[in-house]
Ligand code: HEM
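Next up is one chain by itself, shown in structure tokens, the form predicted alone.
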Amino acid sequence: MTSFSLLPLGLVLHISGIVVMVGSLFAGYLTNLQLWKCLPYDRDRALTIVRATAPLRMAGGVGGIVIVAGGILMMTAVHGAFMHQVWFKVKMGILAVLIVNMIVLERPAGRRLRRMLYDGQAPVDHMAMSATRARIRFFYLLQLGLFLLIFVVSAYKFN
């Protein structure tokens, strides 16, 4: 396969991965809104929502893998030319913030949410629930905003 055909193939994979990853993130945000409406009153229904939307997390991961594969193909096609451009370095920095956001905000809040859902005997702690809800909401909005920023940086390719 020539480097000429690697570039469009890489771009198709890259964009497809972004669509899957951002789509699953957005769907997760919307279903999370529904989850918080029923969690204080109906844990069984909230659990059903969590179980039904669990594949979104895997889809986002697959999307991330496809993004990386497409990026590697594109970098191979252009012989790494993007690596030295300012817009690409900014894009990689934003990507690092996306990953840190998942580790720092989403994981601990997700663990707290699972404890709330699966500890059916404990009474609902409204303060803890409110704090967890705020943190998860902030996570989703920040992730979506960072992806939007990546789109802008990639489209304008400033140097």
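These numbers come from a predicted model, not from an experiment. Throughout, we count residues from 1 along the sequence that is shown.
What comes next is about the form predicted in complex with protoporphyrin IX containing FE, which is not displayed.
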Please determine, with the chain shown alone, which of 64-72, 23-31, 109-117, 51-59 has non-hydrogen atoms within 4.5 Å of protoporphyrin IX containing FE in the model of the complex. 64-72
Answer for Val104 alone: is it within 4.5 Å of protoporphyrin IX containing FE in the model of the complex, judged on heavy atom distances? no
Any chance Leu95 has a heavy atom within 4.5 Å of protoporphyrin IX containing FE in the model of the complex? yes
Can you tell me whether Phe147 touches protoporphyrin IX containing FE? I mean in the model of the complex, with a 4.5 angstroms heavy atom cut-off. yes
Heavy atom of Arg133 within 4.5 Å of protoporphyrin IX containing FE in the model of the complex: no
Which residues, if any, of 86-112 lie within 4.5 Å of protoporphyrin IX containing FE in the model of the complex when only heavy atoms count? Trp87, Phe88, Lys91, Met92, Leu95
